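This document opens with one chain alone, in structure tokens, the form predicted alone.
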């Protein structure tokens, strides 16, 4: 479990993280979303003791990271895949981490095989692509077989096969009861991977919700009728927000499926289609972050 309580991090006059209170629970993949500069990486750095909070606390497994005994066995992290000695081979990089943390050397071979780097294990990392660096960084995060994982943009630079592999890996780790916090800008991938979402905007918490709840909150009703103008007027009077789609159907927000059907019945309107449309994660995310931008534009 990761717990943030009133976490604030300032750099001079800039507030990178602003009074953030969140609990990341085990047994599920928690997606960590937000625009560039929203404070995601800074938050992770505070959890890992790489940045000192200005105020508030960040604990993992009930303690500050620095207080953990055998931290690599408890917490695995990928923050910067380029944080490598360029002259070392992939194997030697992982072996050095294992030896310095009291981990068995045999574990190095296990994680190299797990991330699919067997063929380049003896190559120097200076020649690695971004995708290979990502795999090596994930191997390092898994080296101690930890209870908690924090991965910052782990699929950057990976091909579709690699992205699918990361998705399946994260799901398996969460199913084992581990705590998994992962950030990504690939909305479609996060939609397929995460159970729960934490969304930041300019360092502040915008949402801390299950994936299904966020998508449901931004769902709409699609209705098609030969009496479009009549139904649209009736729906607006009932409190619905109505938009005309390209094919002539109406998209209705603010009323559920039953509500739209009842309005149509009372207006004596014939329906050719009535269906619920669930928003994509990208659409729901953009609605959240756009609302935050608009709010800040008018708030002193």
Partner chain sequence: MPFRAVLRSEWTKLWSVRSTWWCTAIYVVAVGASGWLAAAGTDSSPQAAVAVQTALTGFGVGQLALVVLGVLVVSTEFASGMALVSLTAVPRRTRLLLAKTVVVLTYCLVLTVLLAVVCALAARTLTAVPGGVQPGDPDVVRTLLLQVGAAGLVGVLGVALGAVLRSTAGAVGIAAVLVLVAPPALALAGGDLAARISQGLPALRVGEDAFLAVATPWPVGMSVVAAWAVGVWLLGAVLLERRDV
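Numbering follows the first chain given and starts at 1. Everything quoted here is computed from the prediction, not taken from an experiment.
Keep in mind that the form predicted in complex with its partner chain is not shown, yet the notes after this line are about it.
- Proximity of residue 266 to its partner chain in the model of the complex falls outside the 4.5 Å heavy atom cutoff.
- Among residues of the shown chain, residue 162 is not one whose heavy atoms approach its partner chain to within 4.5 Å in the model of the complex.
- Although the partner is absent here, residue 244 sits far enough away that none of its heavy atoms falls within 4.5 Å of its partner chain in the model of the complex.
- Residue contact with its partner chain in the model of the complex: residue 72 places a heavy atom within 4.5 Å of it.
- For the options 186, 121, 215, 84, the one in contact with its partner chain in the model of the complex, meaning a heavy atom within 4.5 Å, is 84.
- Heavy atoms within 4.5 Å of its partner chain in the model of the complex are found in exactly one of 46-54, 27-35, 252-260, 268-276, that being 46-54.
- Taking its partner chain as positioned in the model of the complex, the residues of 56-78 that bring a heavy atom within 4.5 Å of it are, in sequence order, 65, 66, 67, 68, 69, 71, 72, 77.
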